[in-house]
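The chain below stands alone and is given in structure tokens; this is the form predicted alone.
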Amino acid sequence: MTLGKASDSDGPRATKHSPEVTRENARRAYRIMLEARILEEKLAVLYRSGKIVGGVFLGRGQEALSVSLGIHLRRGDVYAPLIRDQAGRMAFGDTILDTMRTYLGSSLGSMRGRDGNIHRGRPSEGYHAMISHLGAMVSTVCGGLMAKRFRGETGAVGGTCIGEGGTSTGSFHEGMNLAGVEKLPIVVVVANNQFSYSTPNDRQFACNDLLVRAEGYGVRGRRAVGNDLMDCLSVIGEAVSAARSGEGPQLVVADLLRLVGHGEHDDASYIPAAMKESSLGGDCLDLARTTLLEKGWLTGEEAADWQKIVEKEVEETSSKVLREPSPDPSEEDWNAFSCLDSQQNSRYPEERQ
């Protein structure tokens, strides 16, 4: 059973930008969510076995929100994912192979085994490498959109996600202020997962609802049920469509609960059991599967087959990448970008030579 839908800050949800959530889009989104969940579960195992150096930050519980932004963006848009956006990354064109290569430090990955495991991206394709989850990516997306404006390019949308704790930072304020003043076509999704690491919301901000901040910046505010795939697809689809149509910045606030610790090093013992058992604690993957089954958009047999197919791909990819070479510092040229890398790792096959 899906959760009830929430209204946005401007009254009724039905607008000229209200896109229908289609069977095709919902099925694709669920499949990507499943891929992201199974992949990240494997990454957690590899981390615990000492195969991954650095942190592993899982998006468990946030896949529905994340995929809903990535799936509505298209070629030519600007996307800046954060640490819990594996589902959004994959919807935007990232792959299980490149993700695994980045986490395991393979020299064959898009980052060539450098700069940690969550900073991967392809800026030439509008896929920004993450700088920080503390608001900085709002400004980088604004910068990308301003660059397109200066070049006379139209029709592009920028999207990024941030946690509720990050909305307390100066970077977030500066980015949102710029977006509002310049009327940039940016969609900023706030995953209000109730804790900034281990700090609860009542120690993060004094307002009763983060959505009220939209009015202060002069941008459109919308609310989504963060663990309801259908609601996230609808609300974020509306936001992207409105931004693309020239209506300026869109701020989407979604309430949910992070179903794991801040990272694999954190046991999340500070999250109350009552909160886990509330509607916030519903697993978006389970809820999405139930909804699709009830609608007749997915069969139990299909769901089971998808699970097996993805598990097999993740295991085979993991085994392959573990055998790949690490970068050799004596031979590395250390150039940040090159045309060759862009073509070899492009998510658009027609651009590969």
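Because the structure is a prediction, the values reported are computed rather than measured. Residue numbers here begin at 1 and follow the sequence given.
Only in words, not in the display: the form predicted in complex with another copy of the chain, which the text now covers.
The three marked residues, 170, 177 and 213, each reach another copy of the chain in the predicted bound form, with a heavy atom inside 4.5 Å. Residue in contact with another copy of the chain in the predicted bound form (any heavy atom within 4.5 Å), chosen from 234, 241, 204, 95: 204. Another copy of the chain in the predicted bound form is not approached by residue 155, whose heavy atoms all lie more than 4.5 angstroms from it.
Not displayed here, another copy of the chain is approached by residue 181 to within 4.5 Å at the level of heavy atoms in the predicted bound form. At the 4.5 Å threshold, heavy atoms of residue 272 stay clear of another copy of the chain in the predicted bound form, well away from it. The closest non-hydrogen atom of residue 246 lies beyond 4.5 Å of another copy of the chain in the predicted bound form.
Residues within 4.5 angstroms of another copy of the chain in the predicted bound form, judged by any non-hydrogen atom, belong to 160-168 and to none of the other stretches in 186-194, 85-93, 160-168, 221-229.
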